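Consider the single chain below, provided in structure tokens and representing the form predicted on its own.
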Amino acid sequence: MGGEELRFTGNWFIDAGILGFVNLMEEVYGWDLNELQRRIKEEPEKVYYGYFPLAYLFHHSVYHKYIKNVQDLKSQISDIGKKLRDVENSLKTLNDELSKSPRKMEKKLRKQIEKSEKKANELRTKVEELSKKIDQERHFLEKEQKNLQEVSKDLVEELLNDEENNFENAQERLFQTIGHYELQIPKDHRNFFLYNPKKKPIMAFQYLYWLLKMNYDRLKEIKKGKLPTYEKIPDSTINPFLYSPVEFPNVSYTKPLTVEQITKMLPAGMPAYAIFLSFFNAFQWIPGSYVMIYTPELQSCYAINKRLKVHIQSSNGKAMLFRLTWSAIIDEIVETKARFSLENLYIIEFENIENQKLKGVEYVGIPKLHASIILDNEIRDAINTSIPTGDSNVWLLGEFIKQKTLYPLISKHVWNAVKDNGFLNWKASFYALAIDAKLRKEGTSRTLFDKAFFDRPKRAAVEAKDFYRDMVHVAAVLKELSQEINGKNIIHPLFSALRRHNRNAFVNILLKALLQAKSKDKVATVNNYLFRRVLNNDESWEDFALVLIIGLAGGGGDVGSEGKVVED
């Protein structure tokens, strides 16, 4: 009988376990999601009760040992690297001194240089040796993984055919494959039977098999008469996100879910403990945090987190968590246009697990309104840039994702450009101000639960682009008028009025200057804009007013000739 394909349930905790299960199987057997789905459809029993427990044991022995050994070696390389840099700096200083020193000092300096060079060469040799050890560790892991992949097909069949004998007839074959596995206790387990104390791999397989099968009589036999507890009602023994029966003894009144109840929520045939034992494989380590990007759709969630893994590996630990996660999300959006996924996206992050307690758990979501704007290619591309704002550069898209107001950043950017005669990014600035104006307008809306309210996300990008076009047009007109009205001379007074939030002063300064202009049609355009966007706009007049200063400041090459923009 075929199995039901994996799918998410809408419960992020359970779905994290499903994603972790997918990741674990891919890590050990090299099956991507499509291949795993195919196998589950064709041979679910083998996948869940044969391949999975073997993969779990491999991961928590061979793979964990590999990670630990490589981390130790990299740490040693890092320490030696620091010493090597010190020695190389010392050598450079000595060589500089040698080039300037009198002849009588040469001999002494040359001896010091020779000694330092010897030390540097020793350190370089150590680094090479440690790097070779890392390669050896990787080759060993690959060899073990290949061995498991080669024998697993026959081994799984043999094991499942010997279920009634508790795998007694398959023990020798099992021992040949996993007998040398040394289990390493994961941080998320506490007092879990497999590790308290560590069990031999053979017994570990038996326990896992009957745990997945929910056969409590067999589990009781393996535990030498001790009744199954968390095996029936999962708790913090196997996952610190679950309740602790020690810290919350009255929890029995709240009736936590049993394994059987949880199994009913899962795709048919999937054992509940497959998700509990795989849960943390959904998370990836970015220096400082464990992270999972969650959307309630398996394919998108899998693809985004896979991209995240690639970004983490290519960053060599240098990129920040925020940029890494959102780079992965945006890459996926650009390729798949996964609107639904972004609108229902969460980033789940925790710093660490200490004594089975989670530290620094955060759930970051993104509002529908913001998601709609991000999903527009033109807007996203425009603000997916860093602009100078004084002492530092700021990633505009990142600030928008953090739901921060963009106006102060653009104001600093404009002031910085005016003060230092630097580059003024019209396109990014106008889109940022247009978005800001749109969000301010929505913030004052009093409509709830009517058609307009529910259509807001759909309209958000369209209206922001309308604002943008208006802004580009008036800025281009004012740029042309700037010479006629000595526009550079009124930038500072206009900035001053804007900073004091004095709308009347701002408008009066500009209208007075416009009296000098001879191009009446252009003046009419600016006046019309002032009336519509500044004087009759209490919510976001400053966004539209700043546009006028940008026009006077000049620039604009990045939005095309005469400030025209191409319609979608």
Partner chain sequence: MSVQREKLWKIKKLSGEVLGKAGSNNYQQKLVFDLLNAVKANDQNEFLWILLRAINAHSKDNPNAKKLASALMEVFPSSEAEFEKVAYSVILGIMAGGGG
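Keep in mind that what you see is a predicted model, and the values were worked out from it rather than measured. Positions refer to the first chain, counted from 1. Superpose the two forms; the largest set of C-alphas matching within 1.5 Å is the rigid core.
The next section is about a form of this same protein that is not shown, the form predicted in complex with the partner chain.
- Although the partner is absent from the chain shown here, none of Leu84, Asn89 and Thr93 has a heavy atom within 4.5 Å of the partner chain in the predicted bound form.
- Of the candidate stretches 520-528, 27-35, 53-61, 40-48, only 520-528 has residues whose heavy atoms lie within 4.5 Å of the partner chain in the predicted bound form.
- Lys68 falls outside the set of residues with a heavy atom inside 4.5 Å of the partner chain in the predicted bound form.
- Taking the partner chain as it sits in the predicted bound form, the stretch 487-503 comes within 4.5 angstroms of it through a non-hydrogen atom at just one residue, Arg503.
- In this overlay on the rigid core, Ile67 has a C-alpha that sits less than 2 Å away from its partner position between this form and the one not shown.
- Fitting the two forms on the rigid core leaves the C-alpha of Glu35 displaced by under 2 angstroms between this form and the one not shown.
- For Leu57, the Cα coordinates differ by under 2 angstroms between this form and the one not shown after the core has been superposed.
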